[in-house]
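In structure tokens, the next block holds one chain alone, the form predicted on its own.
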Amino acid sequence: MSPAPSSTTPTAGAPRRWRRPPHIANARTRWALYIGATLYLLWALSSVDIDVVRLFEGMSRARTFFAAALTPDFFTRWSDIRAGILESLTMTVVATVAGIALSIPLGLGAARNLASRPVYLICRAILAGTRAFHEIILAIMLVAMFGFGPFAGVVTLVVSTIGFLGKLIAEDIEAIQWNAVEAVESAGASWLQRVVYAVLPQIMPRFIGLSLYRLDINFRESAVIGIVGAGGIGATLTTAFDRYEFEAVSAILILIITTVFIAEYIAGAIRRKVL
């Protein structure tokens, strides 16, 4: 008699365990990429100049900063802080309204299913150009052209708002249900009437949400671009840092965070009411 099969020996009818196929089928190519990525990571880490002395000095300054942050000073430089916050809020509102007004026609023109090809290409090129530079780079360029102050900051935020909202509006229009547009068109509606009665109602809820979100972004960006002289609370913050007035820095940061929280609460209330 033949010996009974061992319990550890796989039988012919036993199911095989599934294994996920590798993303790169060739084993040599896969291991070459792994080794190359590891070597590059080691080289990149070795190129970082880590100064232990400066690291400990920075930790000492960090303790000083956080100790001062626990005692914020709202009164010594209150006039400068108030002026900076009001300037940032003004820049935010003006830039957001202007950016929304300019992004709507560009977004309509950049929608492939709504505009002719020449208009589509021109509007897409404009929107791509407005997104080509980061806000800081754009603010530096505009400060060099127009000088220090909030005007350069407002133009920076307007351009950024156009690039942000215009692209998203165009993408939303390209994803709408076209049946409503065809129904309005069959009734003899003009191009503008098709946009007003069939296109905008479909994208309006998301457009309102994006506009409120951009308002929040613009306030935070107004604090950042002020560091390069484009107005807003960022200029006051930079001055306080330069003078090592960490108590004033803490007060400014607290006001910025508080303003963002209040704006977020108001935006949420508007969304619940409108949407």
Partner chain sequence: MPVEQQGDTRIWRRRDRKAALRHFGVTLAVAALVVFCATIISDQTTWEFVGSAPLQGADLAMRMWPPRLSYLTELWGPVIDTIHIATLGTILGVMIASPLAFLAANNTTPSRALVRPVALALLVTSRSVNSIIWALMLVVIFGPGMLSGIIAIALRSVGFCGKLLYEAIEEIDAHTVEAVASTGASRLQVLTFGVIPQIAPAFAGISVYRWDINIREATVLGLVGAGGIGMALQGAIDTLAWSRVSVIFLVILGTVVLSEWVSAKARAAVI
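Just so we're clear, the structure is a prediction, and the values are computed from it rather than from any experiment. Residue numbers count along the first chain shown, from 1.
One more form of this protein should be noted, the form predicted in complex with its partner chain, which is absent from this view; the next part is about it.
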- Query: Applying a 4.5 Å heavy atom distance criterion, does P150 contact its partner chain in the predicted bound form?
  - Reply: yes
- Query: If you check in the predicted bound form, is I169 within 4.5 Å of its partner chain, heavy atoms only?
  - Reply: no
- Query: Even though its partner chain is not shown here, does I266 get within 4.5 Å of it in the predicted bound form, heavy atoms only?
  - Reply: no
- Task: Using the partner position in the predicted bound form, report whether A251 sits within 4.5 Å of its partner chain, counting heavy atoms only.
- Result: no
- Residue among Y120, F133, F74, W178 with a heavy atom within 4.5 Å of its partner chain in the predicted bound form: F133
- Note on the structure: The one residue among I208, A68, I227, L33 placing a heavy atom within 4.5 Å of its partner chain in the predicted bound form is I227
- Task: Give a yes or no on whether every one of A25, A101 and R272 sits within 4.5 angstroms of its partner chain in the predicted bound form by heavy atom.
- Result: no
- Query: Counting only non-hydrogen atoms, which stretch in 82-90, 109-117, 182-190, 169-177 is within 4.5 Å of its partner chain in the predicted bound form?
  - Reply: 82-90
- Message: Where, within 37-65, is there a heavy atom within 4.5 Å of its partner chain in the predicted bound form? Residue list please.
- Response: Y40, L41, W43, A44, L45, S47, V48, D49, I50, R54, L55, G58, M59, R61, A62, F65
